[in-house]
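Encoded as structure tokens, the following chain is the form predicted alone, with no partner shown.
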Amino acid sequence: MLSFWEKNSLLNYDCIIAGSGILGLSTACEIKENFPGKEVLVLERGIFPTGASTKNAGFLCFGSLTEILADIKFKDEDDAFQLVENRWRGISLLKQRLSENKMGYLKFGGYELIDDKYLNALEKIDYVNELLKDIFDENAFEIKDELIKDFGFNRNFVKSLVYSPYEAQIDTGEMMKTLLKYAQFLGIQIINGCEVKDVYKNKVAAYHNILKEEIEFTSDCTIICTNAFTNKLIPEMNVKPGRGQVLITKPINDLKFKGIFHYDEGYYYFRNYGKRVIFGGGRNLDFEGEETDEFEQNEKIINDLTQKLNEIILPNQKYEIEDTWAGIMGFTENKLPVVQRVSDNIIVAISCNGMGIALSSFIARQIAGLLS
């Protein structure tokens, strides 16, 4: 059972946040920055954030050319524009909050590999640049075909290369460590290994794994930032998990490219990390199988990633795969993030749709606005 001291000092807060990923920590920081007198607690079921915040590839991106065109086709121009604007604002807010040199920020730019299937997208570059002109100071995209050979890609497959000067890469681990230190500096209380089991009225029930019992925290406001796992707490929220497979190579002495790279409407993505290559994606090969919250390797997708490394990205180059892992993202049908007050005391923020690094700081500001 809990002691008097625990009951008296450690259970009562002005605001409790479930989930210590980039969204949960950004939300906690945004609240504490705007309301420094509030007592803020973050509860995390894992040792580290459980979803994708420490498992992504480290992209600061707003959407590739073919991805934006797909969004326009699926939704409309206004929604596609709003998504890009929100992502860009979120990236700017993250950079304002954290020092660039504390999150491994490197602005090598972003590129998209265009094959025969997407050659018609090149005809729409001017259209997309015009659509996004109120967001960026100059064109968001331009063709850089002369770099295909320099980067060593298979020219029989890569027919064009679209460049964006606005994209960059970060060190995901350093970024999350810096965000965690900043949250602690602000006076935010963070408890790991504490799984939230239920949320109701002004109470949060969590499991104490040593006492083997549920304990209750009280809070004036509870914010659910568990993304893909939100349905376990709020079943009526229609968010689906989407697993992402990632691999990393050992250092490659003659690696020819730097930057972040997209392919196939963003379903594939790779980058250099020093002389290594981080390569992820392929969820579109097995949507049903990857709609899961189990952290397992999908051999079909890993084999596909390896084949694309061999044939497209690193043809005729020797390399070894050092490690593989998976992260769990959250998706809504319309790809739009949701910030919703489900009761007077409970706010839910879900579905960054694979863009958590870009969107989390923007969503956090929306949440803080609701508290105002």
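A residue's number is simply how far along the shown sequence it sits, counting from 1. Keep in mind that what you see is a predicted model, and the values were worked out from it rather than measured.
Omitted here: the form predicted together with a small molecule. The next part is about that form.
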Quiz item: Counting only heavy atoms and a 4.5 Å cutoff, which of 335 to 343, 315 to 323, 42 to 50, 302 to 310 contacts the small molecule in the model of the complex?
Solution: 42 to 50
Exercise. Assess the spot marked by G21, V246 and M329: is the small molecule within 4.5 Å of a heavy atom from every one of these residues in the model of the complex?
Key: yes
Practice problem: Considering only heavy atoms, tell me if M355 and the small molecule come within 4.5 Å of each other in the model of the complex. | Solution: yes
Self-check item: is_contact(C194, the small molecule) in the model of the complex, heavy atom dist at most 4.5 Å
Solution: yes
Quiz item: Does at least one non-hydrogen atom of K55 fall within 4.5 angstroms of the small molecule in the model of the complex?
Solution: yes
Quiz item: Does at least one non-hydrogen atom of I114 fall within 4.5 angstroms of the small molecule in the model of the complex?
Solution: no
Quiz item: Just one of Y118, Y263, F153, F229 has a heavy atom within 4.5 Å of the small molecule in the model of the complex. Which one?
Solution: F229
Exercise. Name the residue from C225, A140, V277, V162 that puts a heavy atom within 4.5 Å of the small molecule in the model of the complex.
Key: C225
